[in-house]
Ligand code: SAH
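Shown next as structure tokens: one chain only, the form predicted alone.
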Amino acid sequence: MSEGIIIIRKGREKPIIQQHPWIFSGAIEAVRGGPTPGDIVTVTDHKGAFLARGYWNPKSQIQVRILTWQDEPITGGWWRKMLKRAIKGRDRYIYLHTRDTAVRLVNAENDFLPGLVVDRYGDWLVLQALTLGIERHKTMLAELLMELLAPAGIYERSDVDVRGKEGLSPVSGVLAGQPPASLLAIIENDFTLQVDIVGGHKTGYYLDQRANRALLKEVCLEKAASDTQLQQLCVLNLFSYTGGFGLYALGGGAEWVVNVDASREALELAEANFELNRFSPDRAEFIQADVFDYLHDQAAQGALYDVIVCDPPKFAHNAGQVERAARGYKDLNLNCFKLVKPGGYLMTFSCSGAVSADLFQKIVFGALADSGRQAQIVRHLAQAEDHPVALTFPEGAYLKGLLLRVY
């Protein structure tokens, strides 16, 4: 069977020419050559001129995900070349963090490998196949990664909801090499953390927040050194998961950190991570609670904190959920503003790709206005540099945040 051809409607070529990696169903005029779902296809304009090459899935709203804008074959050698390029792109990051043992190596569309995520945790790799095209190639990709990096093993964490949009079921398990231990120890910025790559969130840990955790440590150090009225630096870590932000706060001189999360298992691992880094147990509290309820209760009690970190899970999975998500973000930030001591800091985030950075800032502004407080933006926050964003794919900038000084 000849290679499938996807013909683009007249006037719909511009995003493809500008190297956006997604082609939606509405842009397609016709499909020729009888490709099967997951096949590599050639994309042409309505006159037959070559535009791109990618993989096809008629079950998805995004019917073609582009792999290359060059008229070149997509062979095993091509995949190997692109994996090597993505890994090489982390050389500077690895050089700057020579002791770190966890890093994102492939960031899907942002590394021009749509649907593929690869994270390294010590001697193991975790692979996510988010799309049908990557699902079809994942065994070959695992073999190439074993060849290029020689890890002890590769574990698959394709147990994510987004696969449903591709007509795929969740999958997890060993793809190559040895199975991982139930917990793996990683080093990040001189902290040691245990990570559950089999059952933890995402691929086991929130690698994208590495730089912001380091910034929190700096904020705590600066606050402790400059505030002559400060008696005890208290930090509230909301949606704390396994305690990463809380660890950095203690490393920055915080005397007391309250970690709040709905998951008992996550909090138990957080407590183990605090002990692993030799922080006294009387410097931290681990509270299992609904964060919204906890904040309302704390505000009613008049509690105050020097620094608050608010890093909630994704509230909006698509554009239709943005309005509801905005209400959630506003409620969270309104109560956070009520709990920050004058001159203290709020570090607040959204990881919802459907919520733009501009909209998120407007939501936080609305919360501030309702709180009656004043605040300054000290820094705009984003994902760590091992999570690069392709300039032609603004959707890749999913994580946005604000470091605010509150009065």
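What you are looking at is a predicted structure, and each value in this text was computed from that prediction instead of being measured. We number the residues from 1 along the sequence you see.
Beyond the structure shown, there is the form predicted in complex with the named molecule, which is absent from this document and is the topic of what follows.
Per the 4.5 Å heavy atom criterion, the named molecule in the model of the complex is contacted by stretch 260-268, the sole one of 260-268, 74-82, 99-107, 119-127. With the partner omitted from this view, the residue of L168, L250, V291, A214 that lies near the named molecule in the model of the complex is V291 [heavy atom within 4.5 Å]. Of the residues Y206, Y305, F191, F279, just one reaches the named molecule in the model of the complex with a heavy atom at 4.5 Å or closer; this is Y206. When contacts are judged by a 4.5 Å heavy atom cut-off, S240 counts as touching the named molecule in the model of the complex. Contact check for F245: a heavy atom falls within 4.5 Å of the named molecule in the model of the complex. Using a 4.5 angstroms limit between non-hydrogen atoms, H201 touches the named molecule in the model of the complex. The named molecule in the model of the complex is not approached by G173, whose heavy atoms all lie more than 4.5 angstroms from it.
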